[in-house]
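This document starts with one chain, in the form predicted alone, laid out as structure tokens.
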Amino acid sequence: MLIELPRQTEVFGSVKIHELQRILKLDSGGFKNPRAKDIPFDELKDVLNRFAVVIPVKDEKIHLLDGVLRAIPFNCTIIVVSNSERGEHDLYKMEKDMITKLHELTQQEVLLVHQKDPEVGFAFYEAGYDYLLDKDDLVRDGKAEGMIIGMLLAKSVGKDFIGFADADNYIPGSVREYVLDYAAGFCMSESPYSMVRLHWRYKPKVVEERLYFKKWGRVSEVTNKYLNLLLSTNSGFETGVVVTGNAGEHAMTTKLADIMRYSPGYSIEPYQFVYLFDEFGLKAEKMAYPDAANAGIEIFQIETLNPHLHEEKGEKHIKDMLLGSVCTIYNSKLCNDYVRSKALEELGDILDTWEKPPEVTIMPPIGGIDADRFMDMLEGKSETLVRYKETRR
């Protein structure tokens, strides 16, 4: 793969945020170029062998999920965390049947579990991590909650890198590129605490019966603006380096996943920036993880070659994402009166409310959970956990 080298890197305390890098060629010829990084496929493959791709699913069209799963490179482990309906129309059973058939054809390693499985809730309770449980001791609804389940399963099978992909992608080939882009970022990283976040080159929409290749989504524009404002007002230098505030497609090393805090639902992606700024930035009062601070935390932002065409979720979904994003920034330790006032204006313009946004309930790091014991508690007891092991011939 041939990828642009970042022309600029913003350093904020122990956090390095690399400027957006473009994919120049998915396959490369090994030529030396001072402006680009050539990554041999053998290096990418080494990362893929240690990589798990987590796919949170909730009532998606089955053929979309099928396409996403088929596109993920064989070397990776796939982890599907479903929160789909289990009533008269048992969508989870349809997902399981499809994955079973796919495994029979491909022999790729796949783990599948349902988010509302009582044994999953019990395993979290026994681990002393009840922060994502509801009053019935089941895991709450929410994308972040499903992602945390997926991360623990990835740790239980010994993976060093964990990535995420949405299940509603209409272009399966783009998903394959996403995973390769993740691997490229980790090949460039100099720190064991690193993250790769993707910026879609285009996000097509239908406008007047034609495809319009839009560059920015509405939520992304708002989130990026306020994350950059948060950085600028605390460093004293204006910046626009953050362009992946709402990157659902992102990946991180397992070492970084262990020390991150997580916000619920769809606010999880922007909160990742906020957490790193708060805990490892210029004004961090006490370093809870000195090893990570000394090694430095690297954030790569990569522009994909493929566009991202996904299912439209409607205006309520957009407003929920906007509210979650602005709330995480508003409640940052670094947020001053100026940024708060601007955030409230944004909420007033978009959501018709000028009230102080609610505080976000933050879930602590998962590094203290014994992932092997978590898996042991599920295997043999969970009704929904299935592990389709890879068979090499």
Ligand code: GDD
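Sequential numbering from 1, following the sequence displayed. Here the structure is a predicted model, which is why all the values come from computation and not from measurement.
Form predicted together with the ligand: not shown, discussed below.
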At 4.5 Å by heavy atoms, is each residue in 266, 310 and 321 next to the ligand in the model of the complex? yes
Just one of 224-232, 296-304, 136-144, 178-186 has heavy atoms within 4.5 Å of the ligand in the model of the complex; which? 136-144
Students should find that, of 151, 120, 242, 167, the residue having a non-hydrogen atom no more than 4.5 angstroms from the ligand in the model of the complex is 167
Heavy atom within 4.5 Å of the ligand in the model of the complex: which of 255, 203, 86, 96 fits that? Just give me the one. 203
Any non-hydrogen atom of residue 115 within 4.5 angstroms of the ligand in the model of the complex: yes
Indicate whether the ligand has at least one heavy atom within 4.5 Å of a heavy atom of residue 356 in the model of the complex. no
Please determine whether residue 77 contacts the ligand in the model of the complex, using a 4.5 Å cut-off between heavy atoms. no
Is there a non-hydrogen atom of residue 81 within 4.5 angstroms of a non-hydrogen atom of the ligand in the model of the complex? yes
With the partner left out here, which residues of 43-72 have a non-hydrogen atom within 4.5 Å of the ligand in the model of the complex? 56, 57, 58, 60
